[in-house]
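The form predicted alone is given below as one chain in structure tokens.
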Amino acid sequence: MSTPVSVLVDATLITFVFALAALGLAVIFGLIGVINMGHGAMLTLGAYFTWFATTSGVPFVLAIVLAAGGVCVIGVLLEHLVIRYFYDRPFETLLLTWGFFLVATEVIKIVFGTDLRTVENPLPGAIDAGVFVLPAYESMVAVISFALLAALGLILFNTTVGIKVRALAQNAEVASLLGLNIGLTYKWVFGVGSFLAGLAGALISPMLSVDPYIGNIFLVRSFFVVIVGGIGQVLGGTLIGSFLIGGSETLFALFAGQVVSQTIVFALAIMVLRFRPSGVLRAR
């Protein structure tokens, strides 16, 4: 496989992996304005739940569904017990979700320990496409990421639920006056975002060693993805931000080392925000 094609394929796969990792944050931050610093912990919990389920003999597909569902339940409880009282105070939600991140990380250390865990890759090997070769599991994750983005787009723009969520994101007060149950809608959005974060951690777990800080790898970059792509632009913004933060790093790595390429990517992100503070895609 020629180097340019190989790099382009790798950049595409990494873009969709980053989109998967950032999608839960994009839903919660972009639609209901909660700066969810607990996103990394939710990813970590999804990875650990998957490890525990697979080592207990649960099939991988069922394990990732159970892991994502478990994180969703935790997210809904967090929203119901704490977050729902602070929706009009974004700084407090930042501190509260950061507190959740710290507590969840310590609980993970106590329950699972700090040793590295591994989740067996359910699709080892590669797919020979003739002109290029695709790693099988990473390709499946990219397809799932694309399918989730497409499904979310259909829900947001072609269903009654999507209309209600977009109305809430645009003007919660007016939406409430028109009869929308604001509290229930917030809860649904937070739960979906938590589910997506847990699903991302579950799907990424076979690609990395699982440790209590695995979510930290994606937390900062997920925020960059959401902000650079455009807050509230859940679909296009997430894809563009994922390419700028994840995919372009692979392209730059073709000409420079890993550290230099990461530096270039973050410098590029800062430049984008300097001249377009609202992100590449501005809210309409």
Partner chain sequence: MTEGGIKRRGVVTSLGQGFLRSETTVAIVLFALLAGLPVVVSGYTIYILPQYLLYGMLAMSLGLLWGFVGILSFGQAAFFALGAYAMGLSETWGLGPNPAYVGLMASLVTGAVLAAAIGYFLFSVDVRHVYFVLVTLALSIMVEQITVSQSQVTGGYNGMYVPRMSLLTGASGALSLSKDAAIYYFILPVVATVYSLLRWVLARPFGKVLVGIRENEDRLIALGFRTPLYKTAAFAVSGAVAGLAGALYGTHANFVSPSLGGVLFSTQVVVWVAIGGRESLLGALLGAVAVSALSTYLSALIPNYWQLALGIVFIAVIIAFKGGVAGAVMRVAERSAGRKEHG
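Note that the coordinates shown come from a computational prediction; the quantities given were computed from them, not determined experimentally. Numbering follows the first chain given and starts at 1.
Although it is not shown, the form predicted in complex with its partner chain is what the next lines describe.
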For its partner chain in the predicted complex, the stretch among 48-56, 32-40, 240-248, 61-69 with residues bearing a heavy atom within 4.5 Å is 32-40
- Task: Spell it out for me: taking its partner chain in the predicted complex, does every residue among Y87, G162 and S176 have a heavy atom no farther than 4.5 Å from it?
- Result: no
Report task. Using the partner position in the predicted complex, report whether V133 sits within 4.5 Å of its partner chain, counting heavy atoms only. Result -> no
Q) Quick one: does I227 come within 4.5 Å of its partner chain in the predicted complex, counting heavy atoms only? A) yes
### Task
Answer for E138 alone: is it within 4.5 Å of its partner chain in the predicted complex, judged on heavy atom distances?
no
- [ ] Mark E106 yes when one of its heavy atoms lies within 4.5 Å of a heavy atom of its partner chain in the predicted complex, and no otherwise.
- [x] yes
Picking from L77, L102, M207, A151, the single residue whose non-hydrogen atoms come within 4.5 angstroms of its partner chain in the predicted complex is L102
Checked 65-95 against its partner chain in the predicted complex; residues with a heavy atom within 4.5 Å, sequence order, are V82, F86, P90, F91, E92, L94, L95
